[in-house]
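Let's start with one chain on its own, the form predicted alone, as structure tokens.
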Amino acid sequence: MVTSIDTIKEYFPSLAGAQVSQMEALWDLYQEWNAKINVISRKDIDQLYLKHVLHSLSIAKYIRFVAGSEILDLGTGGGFPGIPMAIFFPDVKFHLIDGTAKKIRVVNEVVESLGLHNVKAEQIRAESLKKKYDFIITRAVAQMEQLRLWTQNKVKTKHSNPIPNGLIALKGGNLKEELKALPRGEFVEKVPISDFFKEDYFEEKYLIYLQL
């Protein structure tokens, strides 16, 4: 099944016209930039809406961030999940960080082309950040225990969203040992993304929420 912008609209019928236009624009922007700077796997670029956009938007099926929330996208790579989420939540502030300069260059160019005013992209390591956020989102960056160590002091103590502040990680495969490595007593929730989307790609794909 080839996933297109129509699939995005089907799963998210509340998207406004401007948001749909921005989602549509992602195709040409990433095709163009990926030809210059390889930020998305060559074998995945033609599955942009399935493997990158829709995957990123699984977070929006799990939680609706309140306006004014501040979200950190840790290890954003080419801008995922941060850019699709910033389109979906125009009243939420997103800080996209990555250690690779060429990836942040692409992210900034895409953000500028889309006219996203709620995104800041920066080449910086998580350990160097002084700011605190409501939530940290990430996709396929590191093991959960490592992510916990990087982010445990980066979350605000005041909660204003439907669930307590924390880390939301998009993961795949067998996570039993990885989750078992977290300290006892941590609140963690594992949600199959196949609960949200019917495409075969999402079998064995999970959203992991860790309260911080």
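It should be emphasised that the depicted structure is a prediction, and the values quoted were computed from it without experimental measurement. Counting begins at 1, following the sequence as shown.
The same protein has a further form, the form predicted together with ligand SAH, not shown here; the description that follows concerns it.
Asker: Answer with one of W27, Y62, W150, W33: the residue that has a non-hydrogen atom within 4.5 Å of ligand SAH in the predicted complex.
Answerer: Among W27, Y62, W150, W33, a heavy atom within 4.5 Å of ligand SAH in the predicted complex occurs only for W150.
Asker: Though only this chain appears here, would S113 touch ligand SAH in the predicted complex if you measure heavy atom gaps against 4.5 Å?
Answerer: No, S113 stays farther than 4.5 Å from ligand SAH in the predicted complex.
Asker: Is P84 one of the residues lying within 4.5 Å of ligand SAH in the predicted complex, judged by heavy atom distances?
Answerer: Close contact is absent here: in the predicted complex, P84 is far from ligand SAH, nothing within 4.5 Å, heavy atoms only.
Asker: Please check if D134 has a heavy atom lying within 4.5 Å of any heavy atom of ligand SAH in the predicted complex.
Answerer: No, no contact at 4.5 Å.
Asker: Is there any non-hydrogen atom of V92 lying within 4.5 Å of ligand SAH in the predicted complex?
Answerer: Contact check for V92: no, nothing within 4.5 Å of ligand SAH in the predicted complex.
Asker: Taking ligand SAH in the predicted complex, which residues of 129-157 have any heavy atom within 4.5 Å of it?
Answerer: The stretch touches the partner through R139, A140, V141, W150.
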